[in-house]
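A lone chain, given as structure tokens: the form predicted alone.
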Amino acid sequence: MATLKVPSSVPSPAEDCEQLKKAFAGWGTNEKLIIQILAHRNAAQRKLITETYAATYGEDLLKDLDSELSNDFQRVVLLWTLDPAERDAYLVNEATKRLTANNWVIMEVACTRSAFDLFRARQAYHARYKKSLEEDVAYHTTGDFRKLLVPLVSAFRYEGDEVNMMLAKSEAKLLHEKISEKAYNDEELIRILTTRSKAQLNATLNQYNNHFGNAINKDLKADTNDEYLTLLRATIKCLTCPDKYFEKTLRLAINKMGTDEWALTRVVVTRAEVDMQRIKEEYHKRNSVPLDRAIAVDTSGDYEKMLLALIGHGDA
């Protein structure tokens, strides 16, 4: 359920490139034209534009955008224009850097991409950074975080709907035992969360709820100050109801004293072509305010216009 609005007849990549070149020409940059083109092209179309731009002008579109734009608007346009697999590789790499170390972003990419998308992100990481994504995640994390995150980013889950109910019952029991023992970093618990298909996991967690009278995340709230437990709960949320996870991420980003633009940009850009419609519905339900209104109140200028266009707001 994407929100991206692509016109029914899209100009050729060559025409788009010509218009973008025009937007960069002269004294000021024509930001409106950049939004008009890039915010209304899907991933395949943006890839063609980038390739055509390089072939026609012998220049890198991303570098030109980088030098022409600034601040939050620059970041959202660059992230959006990147090929999704390269974007994910970049997000994980940024998340492993010591000053911005962010286990949540690593977990988010690992849990909310399809098996093939995650595989493509690992390939893009190889190509761009000349090492493996798993290697960097393992190097930059420690203890329980490493124990959970390395298998998460290495996963290649089955994507189908088939579910084994016997397995769901036995693994629900196993999860309950480990959680009752407070063995939150147990290998079996981590194995279930990092290898089972999302359909199988949902079945297991439903069994857990039915048999033990509590949702698993309620039982994992034993210590709200435990960072690993917080990440474990977020992992389960990401795997089973990503729209709720992203709604919360947006809510926290917007309702902070001062907006967390990085989180806001990341969620809008990575979900616009996936499930933004569901996230918008969840946001409205949870906050009694439409997401576009919340963004409009909290941001301004071209950055605001680009975000609104990506979430499919009216005439943006």
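Just so it is clear, the model here is predicted, and its values are computed rather than measured. All residue numbers are counted from 1 along the displayed sequence.
We do not show the form predicted together with a further copy of the same chain, though everything after this point is about it.
Novice: Report yes if any heavy atom of K130 sits within 4.5 Å of a heavy atom of a further copy of the same chain in the predicted bound form; otherwise report no.
Specialist: K130 belongs to the contact set for a further copy of the same chain.
Novice: Does a further copy of the same chain come within 4.5 Å of any heavy atom of L167 in the predicted bound form?
Specialist: Because a heavy atom of L167 falls inside 4.5 Å of a further copy of the same chain in the predicted bound form, the answer is yes.
Novice: Tell me, yes or no, whether E188 is in contact with a further copy of the same chain in the predicted bound form, where a contact means a heavy atom of each within 4.5 Å.
Specialist: E188: contacts a further copy of the same chain in the predicted bound form.
Novice: Does G143 reach a further copy of the same chain in the predicted bound form, with heavy atoms at most 4.5 Å apart?
Specialist: G143: contacts a further copy of the same chain in the predicted bound form.
Novice: If you check in the predicted bound form, do A2, D64 and E68 all have a non-hydrogen atom within 4.5 Å of a further copy of the same chain?
Specialist: Not one of the three qualifies.
Novice: Please identify, from 204-212, 130-138, 175-183, 84-92, the stretch that has a heavy atom within 4.5 Å of a further copy of the same chain in the predicted bound form.
Specialist: Careful reading of the contacts points to 130-138.
Novice: So which of L79, A199, A234, A155 reaches within 4.5 angstroms of a further copy of the same chain in the predicted bound form, heavy atom to heavy atom?
Specialist: Looking at L79, A199, A234, A155 one by one, just A155 meets the 4.5 Å heavy-atom criterion.
Novice: Given that a further copy of the same chain is left out here, which of D243, D72, E108, E171 has a heavy atom within 4.5 Å of it in the predicted bound form?
Specialist: By the 4.5 Å criterion, the partner-contacting residue is E171.
Novice: For the stretch 23-53, return the residues whose heavy atoms include at least one within 4.5 Å of a further copy of the same chain in the predicted bound form, in the order they occur.
Specialist: Contacting residues: none.
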